[in-house]
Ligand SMILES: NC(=O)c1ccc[n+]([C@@H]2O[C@H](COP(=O)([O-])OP(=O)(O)OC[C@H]3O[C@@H](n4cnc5c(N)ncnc54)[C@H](O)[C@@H]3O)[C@@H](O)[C@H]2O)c1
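This document starts with one chain, in the form predicted alone, laid out as structure tokens.
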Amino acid sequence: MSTDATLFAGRTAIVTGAARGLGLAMATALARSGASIALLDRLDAVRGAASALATQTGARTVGVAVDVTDPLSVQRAFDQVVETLGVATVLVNSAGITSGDSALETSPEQWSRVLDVNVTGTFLVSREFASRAIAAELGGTVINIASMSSFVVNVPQTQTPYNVSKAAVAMLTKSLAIEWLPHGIRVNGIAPGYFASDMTRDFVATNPEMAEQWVSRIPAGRMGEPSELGDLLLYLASERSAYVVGQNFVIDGGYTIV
């Protein structure tokens, strides 16, 4: 997709988990395409990230600290977005966490936390977005960030709660797509494989042998770069994909096909 600095002109987009990593990379792609951007994250650093993004791209931005598992926190965050940038018509649900313990070692609290953030958080934010877009009669697009782990058990790490949660996000995407399409809201998903995000780089620095195993299983021979999600995201968020509904697009360098 060729770069179009006006593709989202006059539109507001919300990206969760946007203080750094893949979330910030996707927010940057939208900002460079003309959108006003609300960055939401539990990290206070989200405000600095929003300011830096505005300087970098010239986009109108706001950074809002939010707990995606708390309905009241989500509502207040959206109130701030509306007050600053207007009602959003694009939502990217990128907030997510993982757990590296084996199933036998995973505590009930760990299990609940991963599903709360990855599944319940995605649901609560999506519902808040949809209710406001429908009330304003604007329609919109939702892109949920699932994972190739929605479809395969990637090894050697153990991450059962994460795998289960991302499989749920993929089905949530399909369910919401059918329910909200009559309201003019399309819902699709992106399922990334191994990408060299900030979180992944930190992990690789302390677990180089595991990283070597990951790359050895990727037919493309490398991890993806966060910027490589941009074109797919822009396609799904725009009217160029008007006939694409409820799909989960795997982007993994071929990992899941071998």
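As the structure is a prediction and not an experimental result, all values here were calculated from the model. Sequential numbering from 1, following the sequence displayed.
Here the subject shifts to the form predicted together with the named molecule, a form of this protein not shown in this document.
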>> Test of understanding: in the predicted bound form, would residue 189 fall inside 4.5 Å of the named molecule by heavy atoms?
In response: no
> Does the named molecule come within 4.5 Å of any heavy atom of residue 113 in the predicted bound form?
Replying inline: yes
> Wondering, does residue 117 line up within 4.5 Å of the named molecule in the predicted bound form on heavy atoms?
Replying inline: yes
>> Using a 4.5 angstroms cut-off on non-hydrogen atoms, would residue 20 count as touching the named molecule in the predicted bound form?
In response: yes
> With the named molecule left out of view, which of 31, 68, 50, 233 would have a heavy atom within 4.5 Å of it in the predicted bound form?
Replying inline: 68
>> Considering non-hydrogen atoms and a 4.5 Å limit, which listed residue (97, 138, 170, 85) is close to the named molecule in the predicted bound form?
In response: 97
> Are 123, 179 and 185 jointly within 4.5 Å of the named molecule in the predicted bound form, each by at least one heavy atom?
Replying inline: no
>> Please identify, from 190-198, 205-213, 31-39, 54-62, the stretch that has a heavy atom within 4.5 Å of the named molecule in the predicted bound form.
In response: 190-198
>> Pick out the residues of 43-60 whose heavy atoms come within 4.5 Å of the named molecule in the predicted bound form.
In response: 43
